[in-house]
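Only one chain is given next, in structure tokens, and it is the form predicted on its own.
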Amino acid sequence: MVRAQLLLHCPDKPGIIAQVTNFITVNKGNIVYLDQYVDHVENIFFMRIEWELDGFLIPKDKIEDYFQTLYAQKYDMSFRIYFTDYKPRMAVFVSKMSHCLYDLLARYTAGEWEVEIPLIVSNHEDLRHVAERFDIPFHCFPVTPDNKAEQEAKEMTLLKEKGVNFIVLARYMQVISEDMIKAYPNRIINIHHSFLPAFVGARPYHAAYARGVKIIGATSHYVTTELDAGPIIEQDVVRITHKDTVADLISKGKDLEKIVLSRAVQKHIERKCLVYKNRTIIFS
């Protein structure tokens, strides 16, 4: 059964929940999910509500207009409406490391996610065989300092042709340009090898080993123009002891990276992430 999913935020005022739920119930909608949160520091109200459209009196293509006119203007709301009969289209960007890619594709082919993956993009040929194994088109755009802008323009043209809604950087080792970030605001998901901003650089697990850490972490976040400083979607840690070698840290870190990235991707697919300023509200 098709459902509508409404995410919104606005200045907190009495009666917002009653108004929104009344809008749905008087139009014969059956509410199946409701989660809300008030940030008392910012005085901002956040809400996610989902309802079945079977028998709903307002046509699907008119719901957004009705809600904008009746409630969004009155309460100064920012909102988005999604429908469960549309699968978002996800592009995966990779370089040479395969652990996150395999995990994403395994979940995709197992039918865990309501999503389409029309293509995989890379700056190297190394993982073409993985894409072929899962029967997903693979597009290689080798990047150098001299051709980076030209290659990314080609990538953006391809993404538009394929109707891509969001991008997952599965250990893609290139900095995304401001133009692409603006084209996909809060729709580019990255995985980072630590609790940001610790242990930045090319050899994070070696640095962690040298420091004698007792935990290592992974962070998945939306990409912004400030490197590795976008809104955080998901984080987790794993315990480390003095017995762990650098190889052990790398192995544990890779496992953690793919789990944290997949959790973040799932939240995005389920439309349970709401970005406000540089923070995320992650609904249950």
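Throughout, rigid core stands for the largest set of C-alpha atoms superposing within 1.5 Å between the two forms. Numbers for residues come from their place in the sequence shown, where the first is 1. Given the structure is predicted, the values throughout are model-derived calculations rather than measurements.
As for the form predicted in complex with a further copy of the same chain, it is not shown, yet the points below apply to it.
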_Contact flag, Tyr102 vs a further copy of the same chain in the predicted complex, heavy atom cut 4.5 Å_ = yes
_So, Leu57 and a further copy of the same chain: in the predicted complex, are they within 4.5 Å at any heavy atom pair?_
no
*4.5 Å heavy atom contact, Leu34 to a further copy of the same chain in the predicted complex*: yes
*asked:* in the predicted complex, is there a heavy atom of a further copy of the same chain that lies within 4.5 Å of any heavy atom of Gln151, even though the partner is absent here?
replied: no
*102 to 110, 140 to 148, 117 to 125, 167 to 175: which one contacts a further copy of the same chain in the predicted complex at 4.5 Å, heavy atom to heavy atom?*
102 to 110
_Within 4.5 Å of a further copy of the same chain in the predicted complex: residues from 246 to 261 (heavy atom criterion)_ = Ser251, Lys254, Asp255, Lys258, Ile259
*Is there a C-alpha shift of 2 Å or more at Asn43 between the shown form and the other one once the rigid core is superposed?*
no
*asked:* Does Asp244 move appreciably between the shown form and the other one, meaning a CA displacement of 2 Å or more on the superposed rigid core?
replied: yes
